[in-house]
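In the block that follows, a single chain appears as structure tokens, in the form predicted on its own.
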């Protein structure tokens, strides 16, 4: 092969003679020395310890009250309701006492254990087109709807489409709660605020109701989920902004939990709970004993760091302490190396 041809090819393939392509740009490479690393470890350690103390103290000042109402134990107030035969429309109550003010806002949660909402087939069992308010996916449309992922809760025994379809919607939590404060033997209801408990993106973007008025007409020719006591358009008929697919309780349930033991926000108590005696009346409807699950309620207040969680503060304290210990170890080694005769 001609040497001139090879030389010309090399010239053509050669990068441009610029500082960037020839890697001649100015660069700075830190030289890690004891005078830099040891103070850095000290500063990081002190910063982490400060953050850890703040997180730990704040978490310790928060209050959490959790009560189990599954009714497995015979001494439980909800024991009679745990019987599947008596479970429908069964009511029970939990009594508790607060010896000091539960500062508001107080968040009221329901909790489930051994419940795997993260199971893949269960999680995908819903029709996004239905839940976005597309009427074409409510009834038969070219025999492809509702979405096949909704099986086995796609049609009822009469072959009518279920809206909303799927396992996730069908298993919606349906226990309800009313909280009362006992004052001189008289029950005074504590107001529970259910507005804004779901994610903003769910309420305003992800889920939408059909543009039909009244809403019930959009569900003509469909049936409610098999385990629901009422159809979607009756979840809250008194408030159009909390009815149908944008019902707050429905949205909270449809956002799946990652772990088998979880809490979901039920209501908010804005003014807090004064010291005193309380009674929580429960409409016990949701079965959990069949899969060894448990049901709980929890009251908790929050701070700038969120809910009660001592782990985060402890983690910062441990890492900060390790940084300080390592700085001391490195200082001792550095001093020993410089003072030894071999250092000279």
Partner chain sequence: MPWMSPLARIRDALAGQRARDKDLRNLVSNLPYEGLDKWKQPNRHFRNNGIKTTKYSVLFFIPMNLFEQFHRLANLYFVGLAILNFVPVVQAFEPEVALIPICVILALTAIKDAWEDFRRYKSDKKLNRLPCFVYSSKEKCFVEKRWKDVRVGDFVKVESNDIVPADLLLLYTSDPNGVCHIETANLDGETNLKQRRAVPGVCITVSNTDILLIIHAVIRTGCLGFSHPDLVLKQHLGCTVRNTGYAVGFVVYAGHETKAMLNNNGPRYKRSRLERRLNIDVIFCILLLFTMCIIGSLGHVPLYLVPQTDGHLDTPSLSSFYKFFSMIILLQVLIPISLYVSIELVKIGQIYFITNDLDLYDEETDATIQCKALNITEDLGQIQYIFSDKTGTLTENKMVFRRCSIMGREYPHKENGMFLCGPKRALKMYIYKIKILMFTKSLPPNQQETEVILDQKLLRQIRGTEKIDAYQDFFLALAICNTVVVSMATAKRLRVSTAEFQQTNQSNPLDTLSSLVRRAGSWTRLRAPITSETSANDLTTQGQSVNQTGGQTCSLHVPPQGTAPAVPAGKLCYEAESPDEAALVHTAKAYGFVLMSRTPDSVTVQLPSGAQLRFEVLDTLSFDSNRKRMSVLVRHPISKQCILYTKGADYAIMELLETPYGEKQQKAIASDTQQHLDCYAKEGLRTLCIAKKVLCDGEYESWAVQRQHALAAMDNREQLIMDSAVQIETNLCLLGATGVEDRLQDSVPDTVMTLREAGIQVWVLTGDKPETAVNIGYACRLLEQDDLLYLDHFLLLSQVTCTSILDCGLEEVRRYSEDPRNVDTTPDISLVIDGRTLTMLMSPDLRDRFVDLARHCRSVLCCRVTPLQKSEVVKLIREKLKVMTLAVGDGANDVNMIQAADIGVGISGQEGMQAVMASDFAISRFKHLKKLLLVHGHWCYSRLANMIIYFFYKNAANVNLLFWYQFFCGFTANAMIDHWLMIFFNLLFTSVPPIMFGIMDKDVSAEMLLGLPELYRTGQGKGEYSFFTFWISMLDAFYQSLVAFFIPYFTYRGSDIDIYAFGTPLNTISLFTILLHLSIEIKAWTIVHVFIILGSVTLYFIVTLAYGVRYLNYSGYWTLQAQMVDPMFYLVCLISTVIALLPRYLFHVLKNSITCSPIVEARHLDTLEPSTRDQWIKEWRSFRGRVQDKTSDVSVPPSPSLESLDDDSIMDDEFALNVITANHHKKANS
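As the structure is a computational prediction, the values presented were derived from the model and not from experiment. Numbering follows the first chain given and starts at 1.
Absent from the display: the form predicted in complex with the partner chain. The rest refers to it.
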property	result
Heavy atom of each of 121, 152 and 263 within 4.5 Å of the partner chain in the predicted complex	yes
Option touching the partner chain, based on a heavy atom within 4.5 Å in the predicted complex, out of 67, 315, 275, 53	315
Contact test in the predicted complex: residue 216 vs the partner chain, heavy atoms, 4.5 Å	no
is_contact(residue 331, the partner chain) in the predicted complex, heavy atom dist at most 4.5 Å	no
4.5 angstroms heavy atom contact with the partner chain in the predicted complex for residue 46	no
Residue 324: touches the partner chain in the predicted complex, heavy atom cutoff 4.5 angstroms	no
Option from 185-193, 67-75, 165-173, 91-99 whose residues, in the predicted complex, bring a heavy atom within 4.5 Å of the partner chain	165-173
Partner contacts in the predicted complex for 275-309 (non-hydrogen atom within 4.5 angstroms of the partner chain)	287, 291, 304, 305, 309
